[in-house]
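Presented below, as structure tokens, is a lone chain in the form predicted on its own.
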Amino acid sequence: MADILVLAETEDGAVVPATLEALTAARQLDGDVHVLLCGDSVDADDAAERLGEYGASTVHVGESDLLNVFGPEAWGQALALAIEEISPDVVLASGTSKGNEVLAMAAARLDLPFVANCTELPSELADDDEVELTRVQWGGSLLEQSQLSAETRIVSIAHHALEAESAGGSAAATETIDMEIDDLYARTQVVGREMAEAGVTLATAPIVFGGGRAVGSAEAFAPLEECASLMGGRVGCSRAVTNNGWRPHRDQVGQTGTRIAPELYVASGISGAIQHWVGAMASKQILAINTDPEANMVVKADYFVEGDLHQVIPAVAEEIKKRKA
């Protein structure tokens, strides 16, 4: 049976949902799933219960003061040390910016190849033979076939490529690894954050109301904000909107923004350029509101309302309020 090591990403004292996607992918390999938890910013017992539910057998807690705050070099070194300690056949993480950066650092330390953002994991990934992997390139507009042959296979699974599914497991066992991390690796760390308002984030929202250039102004996003508030969702936008200064970059959906995977994405006045589409294509259902029935977003959408968003969106808000009353 193969040994698989999954890197746990953490945020605000908890394991992030993206890690649960990586664990779901790891279970497809039919091996013993280990998890590396860096630092003590997360309660190990709580993490072991959560990670065990999704198939982890053992959680290895890497202890070092340099790991309590995220730094790609220090976390990369910790992962490299864990790989040497555990000798896994496969090393996995979710293909988030953090996951890919840490895997790349560890691969460089160990002089091993690294394949990023795979769409799925073949069952033979843990075997000794060369394996073919399909990976996302150019923000999702291109799929590349790659061959990987290495004693230890380091791979990330594209974020939102699959849904996290509980395995119904019990709490994982916990073990401590004393990490001797050189102070040099603390030269790159996250030392400050811009805190968004409390609640769901754009990446995790169950419904997203997106607006494009046709919205017209920052003030004209108010009806979209109202709909999102009524439905417990978030407002997103296209790059044209952020370029015009109507919304902050954290609201941008797309290749250079946030990739979303809501149950429903309502795209209002968005043409659907490829850069925006790759950020929205993981949405379960897409409703496009547009005056152009030939727009790329309309062609790709599951549902389409042909009309002026300035009339449609307020009408949607009023209908939601009536049904909630």
Partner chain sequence: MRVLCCVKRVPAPGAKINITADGQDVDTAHLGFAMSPHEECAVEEAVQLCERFDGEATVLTLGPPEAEEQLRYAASLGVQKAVLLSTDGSSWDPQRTASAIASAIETLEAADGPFDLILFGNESADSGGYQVGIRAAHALGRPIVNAIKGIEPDLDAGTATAKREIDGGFELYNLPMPAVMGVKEGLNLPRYPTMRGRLASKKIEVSVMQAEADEGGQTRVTLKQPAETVSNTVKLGNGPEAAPAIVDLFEELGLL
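On a predicted model such as this, the values are computed, not experimentally measured, just so you know. Residue numbers count along the first chain shown, from 1. In this text, the rigid core denotes the largest set of C-alpha atoms whose superposition between the two forms falls within 1.5 Å.
One more form of this protein exists, namely the form predicted together with the partner chain; it is left out here, but the text below deals with it.
> At the 4.5 Å heavy atom threshold, is residue 218 in contact with the partner chain in the model of the complex?
Replying inline: Judged by the heavy-atom cut-off of 4.5 Å, residue 218 is well away from the partner chain in the model of the complex.
>> When the contact criterion is heavy atoms within 4.5 Å, does residue 35 count as touching the partner chain in the model of the complex?
In response: No, no contact at 4.5 Å.
> Can any non-hydrogen atom of residue 264 be found within 4.5 angstroms of the partner chain in the model of the complex?
Replying inline: Residue 264: yes, in contact with the partner chain in the model of the complex.
> Do residue 89 and the partner chain come within 4.5 Å of each other in the model of the complex, heavy atoms counted?
Replying inline: Output for residue 89 is no: heavy atoms all beyond 4.5 Å of the partner chain.
>> Quick check on this chain: which one of 280, 26, 289, 56 has a heavy atom within 4.5 Å of the partner chain in the model of the complex?
In response: None of the others qualify; the residue that does is 289.
> Between the options 164, 104, 177, 171, which residue brings a heavy atom to within 4.5 Å of the partner chain in the model of the complex?
Replying inline: The residue from 164, 104, 177, 171 that makes the contact is 104.
> So which stretch, 27 to 35, 56 to 64, 42 to 50, 296 to 304, is the one near the partner chain in the model of the complex (non-hydrogen atoms, 4.5 Å)?
Replying inline: Of the options given, it is 296 to 304.
> Across 101 to 129, which residues bring a heavy atom to within 4.5 Å of the partner chain in the model of the complex?
Replying inline: Contacting residues: 101, 104, 105, 107, 108, 109, 111, 112, 113, 114, 115, 116, 117.
>> Rigid core aligned, does the Cα position of residue 251 differ by 2 Å or more between this form and the one not shown?
In response: The answer is yes, as the C-alpha of residue 251 shifts between this form and the one not shown by 2 Å or more after core alignment.
> Superposing on the rigid core, does the Cα of residue 98 end up 2 Å or more away between this form and the one not shown?
Replying inline: No, shifts by less than 2 Å.
> residue 283: with the rigid core matched between this form and the one not shown, does its Cα shift 2 Å or more?
Replying inline: Yes; that C-alpha moves by at least 2 Å between this form and the one not shown.
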